[in-house]
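To begin, one chain is listed below as structure tokens, in the form predicted alone.
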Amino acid sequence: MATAVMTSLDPKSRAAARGMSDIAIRNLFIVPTIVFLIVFNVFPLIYSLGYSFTDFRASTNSPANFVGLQNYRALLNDPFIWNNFAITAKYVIVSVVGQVLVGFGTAMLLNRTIPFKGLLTTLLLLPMMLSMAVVGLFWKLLYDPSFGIINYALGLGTFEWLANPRMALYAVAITDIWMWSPFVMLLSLAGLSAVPKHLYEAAAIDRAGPFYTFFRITLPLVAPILMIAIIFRTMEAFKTFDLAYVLTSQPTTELISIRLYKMAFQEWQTGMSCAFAYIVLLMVLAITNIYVKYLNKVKER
């Protein structure tokens, strides 16, 4: 069997000399990856699901007792948890909308012949290549009321960005927009470059205005890839932890990821935190499913 499949191999290659078939070579690369995913992704997912139905605490040696859906009921009836969800929803909306507007707008500006376009695009991509903890510390200095450059540039004096409960969440969202707008820009630029030029030429012959051209040609053709960017950024925004954790500790910026961290590693409510994590997972999957359905409708047009 091996010699029959080996006909596509180079007879002088080491694989052929060892009698390895194409299927064996394929499995040699795929099987370790599957094992890695099962060990580090699937197994912890199933293991934590079991803990979500118990009162287990990792800080004690007491055995885990089965409590059924009690953890889920307690979380869903907790007003503080719903407040965390409301804060997170507000943050996701501000952050993702800002990233789409800034990223797509920047892509529109770059989608033309300009000097040093490649260098400029590379420089704009630098923020998304940095560590979120480093970005958080960097922007914490920029927001500093004493020597921060943001207050100096805007003429705000000693305005407290991160200590102000009303502005702290927006400050974190602005930082996230600065960091991840290049991601939306990159995808949008790829979509804009794929739009056929003859459509713009036909619109110019028909004397179509810029608004008509944008809403009738550019936006409909770029919408699918823009929706993909929105899906990715929405999922990541829901998981934001280190950026908000480094920048500020205001109660108004306690996202669900920060609440989950405190519940799991400060209060040591392991079973409760596992249930909380699965509630968040189901919510993210539900929102993503809505996005995907809308994306399919956009593709059908």
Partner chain sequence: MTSIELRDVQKFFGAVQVIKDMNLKIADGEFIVLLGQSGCGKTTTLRAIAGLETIDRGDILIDGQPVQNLKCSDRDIAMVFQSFSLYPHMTVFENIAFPLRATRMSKADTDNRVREIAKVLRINDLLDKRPSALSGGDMQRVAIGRALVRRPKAMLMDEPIGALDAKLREEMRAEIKRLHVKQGSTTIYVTHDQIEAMSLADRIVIMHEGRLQQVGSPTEVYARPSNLFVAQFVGSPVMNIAPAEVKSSKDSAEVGLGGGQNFGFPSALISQLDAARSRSGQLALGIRPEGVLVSREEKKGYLPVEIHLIEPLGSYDIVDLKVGEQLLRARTRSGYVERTGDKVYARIDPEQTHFFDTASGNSLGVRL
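Numbering follows the first chain given and starts at 1. Fair warning: this is a prediction, and the values are worked out from it, not measured in the lab.
Omitted here: the form predicted in complex with its partner chain. The next part is about that form.
Novice: Which one of these stretches, 165-173, 142-150, 213-221, 105-113, sits within 4.5 Å of its partner chain in the predicted bound form when only heavy atoms are counted?
Specialist: Only one stretch qualifies here: 213-221.
Novice: Going by heavy atom distances of 4.5 angstroms or less, which of V134, L126, I205, A86 would be at the interface with its partner chain in the predicted bound form?
Specialist: The residue from V134, L126, I205, A86 that makes the contact is I205.
Novice: Although its partner chain is absent from this view, report whether L101 comes within 4.5 Å of it in the predicted bound form, heavy atoms only.
Specialist: No, no contact at 4.5 Å.
Novice: Any of the heavy atoms of I93 lying within 4.5 Å of its partner chain in the predicted bound form?
Specialist: Residue-level check for I93: no, no contact with its partner chain.
Novice: I'd like to check something about L199: if you look in the predicted bound form, is any of its heavy atoms closer than or equal to 4.5 Å to a heavy atom of its partner chain?
Specialist: Contact check for L199: yes, within 4.5 Å of its partner chain in the predicted bound form.
Novice: Does any residue in 38-56 get within 4.5 Å of its partner chain in the predicted bound form, counting heavy atoms only, and if so which ones?
Specialist: Contacts from 38-56: none.
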